[in-house]
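Listed next as structure tokens is one chain, alone, in the form predicted on its own.
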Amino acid sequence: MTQDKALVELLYSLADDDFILAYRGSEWLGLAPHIEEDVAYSSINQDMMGHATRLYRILEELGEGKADEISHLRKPEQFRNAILLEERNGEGTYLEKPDFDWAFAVVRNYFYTVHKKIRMESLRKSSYEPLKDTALKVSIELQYHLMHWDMWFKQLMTSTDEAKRRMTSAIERCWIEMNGVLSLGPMADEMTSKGYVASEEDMREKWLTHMKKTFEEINAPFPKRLAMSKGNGRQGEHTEDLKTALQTLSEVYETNPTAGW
């Protein structure tokens, strides 16, 4: 196993973020607002799962174990994804009375994708070559993901009173957890000093600058101070939502562990 704990922690946070959010996105299959969105959202989730796969395979090369096993068989406290990304889409389940919140999906994906773009821009200058190569490839697809969620976010925020009410509620829900996404975790200083990624402060400032510009464009009040109310997923702190998600994912994997991604 590699001795560079900071690098491993960074790779897990990057991979787990995409893996868990892609899973939550996959639960929208057949439930999106219209058929065109169903196809587009499915494509985005497939891309994100592919990004996670690349990162898990780097971890495999570093001696962390087989990519399939570290993605599906770790315990919840071993995951490093932000708590916001693991939260359920809404009431019910995919197979039983799904009452999902599309406004929450749009806001969560938009906020996350903006930050992911900032992270990838940083990683394109990473001192760790495999991360640099991954960032270059991911950035191509990410450009289209951002265009997609930017369009949804702005259209709904400038639509009907009902749409704006739902979006405002989703913004408030995401804002109080967004610091968990922006966090690099307890080894942030080492990640930065070794040149793996830009500083947490630098990326947070760039994210806030982007957000302020977006809110100005749609003439919406800018939310108050960012927070992380349910814990820091970068430290293995998670909710029951992750536990149930991983139970589903591991059940599928254990049914046919020889299947490829």
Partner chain sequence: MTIETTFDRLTEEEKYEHFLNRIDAGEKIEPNDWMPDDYRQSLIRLISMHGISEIMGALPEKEWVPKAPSLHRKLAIMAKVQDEMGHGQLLLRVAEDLMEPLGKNREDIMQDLFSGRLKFHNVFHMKAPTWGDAGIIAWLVDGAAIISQSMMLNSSYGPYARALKRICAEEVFHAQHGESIIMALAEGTPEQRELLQDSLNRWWTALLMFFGPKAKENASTSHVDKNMRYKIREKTNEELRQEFFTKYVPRIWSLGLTIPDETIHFDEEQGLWVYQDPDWSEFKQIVTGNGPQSKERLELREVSYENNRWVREALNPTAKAI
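Here the structure is a predicted model, which is why all the values come from computation and not from measurement. Numbering follows the first chain given and starts at 1.
The same protein also has a form predicted together with the partner chain, omitted here; what follows describes it.
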- Item | Option from 228 to 236, 208 to 216, 63 to 71, 188 to 196 whose residues, in the predicted complex, bring a heavy atom within 4.5 Å of the partner chain | 63 to 71
- Message: Under a 4.5 angstroms heavy atom criterion, identify the one residue in M203, A220, L31, I58 near the partner chain in the predicted complex.
- Response: L31
- Check whether S127 has any heavy atom within 4.5 Å of a heavy atom of the partner chain in the predicted complex, and answer yes or no. no
- Query: Is there a heavy atom of L242 lying 4.5 Å or less from a heavy atom of the partner chain in the predicted complex?
  - Reply: no
- Would Y12 count as a contact of the partner chain in the predicted complex, using a 4.5 angstroms cut-off between non-hydrogen atoms? no
- Task: Spell out, yes or no, whether the shortest heavy atom distance between W175 and the partner chain in the predicted complex is within 4.5 Å.
- Result: no
- Message: Whether F79, W149 and S183 jointly form a contact site for the partner chain in the predicted complex is the question; each needs a heavy atom within 4.5 Å.
- Response: no
- Even though the chain is shown alone, can you say which residues of 137 to 159 have a heavy atom within 4.5 Å of the partner chain in the predicted complex? W152, Q155, L156, S159
